[in-house]
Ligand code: PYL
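As a starting point, one isolated chain is supplied in structure tokens, in the form predicted on its own.
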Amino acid sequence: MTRLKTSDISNISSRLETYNQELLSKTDRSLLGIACHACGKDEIQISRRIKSFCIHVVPVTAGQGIITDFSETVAAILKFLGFTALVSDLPDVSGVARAFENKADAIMMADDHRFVGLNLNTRSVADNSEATGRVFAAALDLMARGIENRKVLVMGCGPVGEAAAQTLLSSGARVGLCDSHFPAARLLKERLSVYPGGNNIVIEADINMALLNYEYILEATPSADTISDRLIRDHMVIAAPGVPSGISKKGCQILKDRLIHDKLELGVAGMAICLVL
């Protein structure tokens, strides 16, 4: 999991409504709607359920410690979605205990290795990497107005890319895998081969050549500027959960409404809806 910096999240809370409008214009779905689409659930039914669902966000001091405003930003996203959410006034084990004592339905917390949500009633776990991959794949499906039978290049074969590739396969996409570490792509192809359509996955060894042959891209690498500005074409559509973004500022301007990228919002929304199910 990429460790966020305070500067990565400083403006998220104040821009939630603006970002929500951007998502609506690009996908015809809200932040909540995209997360529901990722889970295959009806947005109206989920909206009713989350009103009485309480999530405590518990700060964690282990490792490199608390990222300033991280817990507050997660809670702000949850409240925007309609959840009852609060940041625990106690960190670590004390915060978890307080959530149980206050009969919270779930907790969210992150250390240097994982960002998870835990449903305290069902004992289910929502992992941020998995949820992020699924929800960005769902966003790409919505931007494409249906991804079935379309070729999609998944860049980055870590946990986020794997979850995205699984989701895309389940939606009927034809998936190409690309990773700077070739064995990672090969191993992921082997793991995905058990899924319907998994035998048709291809590995793309040359990223520059691959970008010339794919219109739909899921950019899930932890590296900056993986997609060169000169390779961005007029009809290219990109969902980019990678942090830092693999698209330059100029590339973002070129793509405009054909790009979805954020550092926290969609992933948190995907986690939260998983916890309600």
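Remember, it's a predicted structure, so these values are computed and weren't measured experimentally. Just count from 1 along the sequence shown to find any residue number.
Just so it is clear, the following notes concern the form predicted in complex with this ligand, a form of the same protein that is not shown.
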Given that this ligand is not shown alongside this chain, does Asn128 nevertheless sit within 4.5 Å of it in the predicted bound form, heavy atom to heavy atom? yes
Leu231 near this ligand in the predicted bound form, any heavy atom under 4.5 Å? no
Would you please decide whether Pro59 lies within 4.5 angstroms of this ligand in the predicted bound form, comparing each non-hydrogen atom pair? yes
Is there any non-hydrogen atom of Glu148 lying within 4.5 Å of this ligand in the predicted bound form? no
Between the options Ala173, Leu177, Ala163, Ala110, which residue brings a heavy atom to within 4.5 Å of this ligand in the predicted bound form? Ala110
Please tell me which of Met209, Ile66, Cys252, Ala224 lies within 4.5 Å of this ligand in the predicted bound form, judged by heavy atoms. Ile66
Tell me, please, which stretch of 209-217, 231-239, 66-74, 32-40 lies within 4.5 angstroms of this ligand in the predicted bound form when heavy atoms are compared? 66-74
